[in-house]
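The chain below stands alone, shown as structure tokens; this is the form predicted on its own.
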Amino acid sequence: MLFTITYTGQNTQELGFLLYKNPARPQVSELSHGKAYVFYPEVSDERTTAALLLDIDPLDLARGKAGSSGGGLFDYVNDRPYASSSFMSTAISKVFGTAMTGRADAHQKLSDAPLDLTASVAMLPCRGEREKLNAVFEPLGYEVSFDTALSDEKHPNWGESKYVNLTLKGNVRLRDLLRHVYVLIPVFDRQKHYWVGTDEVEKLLQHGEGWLENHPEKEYITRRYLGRRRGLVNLAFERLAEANVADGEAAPEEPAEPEEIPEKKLNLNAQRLGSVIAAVKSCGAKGVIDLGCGEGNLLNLLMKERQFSRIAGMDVSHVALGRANDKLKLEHAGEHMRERMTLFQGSLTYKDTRIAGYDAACVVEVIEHLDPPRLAAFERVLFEFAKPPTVILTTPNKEYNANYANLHEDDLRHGDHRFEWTRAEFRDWANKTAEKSGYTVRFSEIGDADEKCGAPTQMGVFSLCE
């Protein structure tokens, strides 16, 4: 991932003094999960560009840094090594920390003056919210432009990429530019690599001082930066209100309750798992496999039912399987439980004899994480090769997304979802797959149903024809 700052004008090589980075010497800084490189691709009296390049180690993200006791932060397949994310904000703070304070010693006058600066942020995640780029950056005095590309040129029907290359131009102080980018990159990228606690409120207020309290999008910025955690958001609003009053302004009205992912979404997961358990029990299965088991939430419930004498969980992620193992406490379990439960790593798109021989297979909120071209392989692996008597599959109902205030049109519920189906699309796929593979399928909905949009989750129960 790459972040550049270009200074145009006179004696622009003095940018090095403001950044405390010598244009004649590339520099390297160690980060928690990689390295940050600072170099100058162009240097002249009229135009100088400083670049910050991050090299994130994907193995550190998945396994944990060598020599550390902690586990990994992400699965093996993720966008963190090439997307501008909270890793970039952390690097800006570490590498350009002094410049963010505005201290420049002998060049203080230059530091305090607005400069003609252009910043470029490569591969900024911005799914369905491109209009917010203008709404967030333009009030800060920037001319905003961005470009994107197709997700895959070979598959134009997949649409445009969710990533944009963002360019900001303005006559601003360098310290302000760095603070703006530091705060606003995580606003657009929803997946921070560290825990969001009260210290994040302090960081937001520190780097937002002088601009956030009066920004027309301050509620959006605050909610997104703090991960929509209601307590932290309310605390930040209180502090921002105090800042306005301290500046001689009237205290604003109580802000509208910040948007959050609805609390019933937590209950939805319990309803979903309960519906799956009921379906597995009703088909009389003794052996059950959870394909894409994640951290083992369904497995934990299956273990509590004596009906199931043979249980297995498969997932593509070693990290998730490690967490499932910890949740199930298999290391300390008795011999009977260890014989009853099996965990193994595997992929849903490759034939695997280990997933055959079970009475029922559960595929809970997994299929939407597969790339559409891989669906055919998934169908063959499950319905043709493994061919369990019962398959229970759940997936989001795309129509219901209209009920989530935090989702924009065509936005998906999770950053790793490759698609989401409407009810008609899901039924069409399920019916065709069942007919082709010798199954029948019946459908049901899970969660509080909306009269127009249906329920948030849709489930298909496939039964093998005798």
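The first residue of the shown sequence is 1; numbering continues from there. Here the structure is a predicted model, which means the values were calculated and not measured.
What comes next is about the form predicted together with S-adenosyl-L-homocysteine (SAH), which is not displayed.
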query	finding
Answer option from N325, S347, T118, N165, heavy atom within 4.5 Å of S-adenosyl-L-homocysteine (SAH) in the predicted bound form	S347
S-adenosyl-L-homocysteine (SAH): the contacting residue among I311, V364, L133, A104 in the predicted bound form [heavy atom, 4.5 Å]	V364
Heavy atom of H369 within 4.5 Å of S-adenosyl-L-homocysteine (SAH) in the predicted bound form	yes
L177: touches S-adenosyl-L-homocysteine (SAH) in the predicted bound form, heavy atom cutoff 4.5 angstroms	no
Heavy atom of T395 within 4.5 Å of S-adenosyl-L-homocysteine (SAH) in the predicted bound form	no
4.5 angstroms heavy atom contact with S-adenosyl-L-homocysteine (SAH) in the predicted bound form for L301	no
Among 137-145, 317-325, 91-99, 301-309, the region lying within 4.5 Å of S-adenosyl-L-homocysteine (SAH) in the predicted bound form by heavy atom distance	317-325
Residues within 4.5 Å of S-adenosyl-L-homocysteine (SAH) in the predicted bound form, restricted to 277-301 and counted by heavy atom	G292, C293, G294, N297
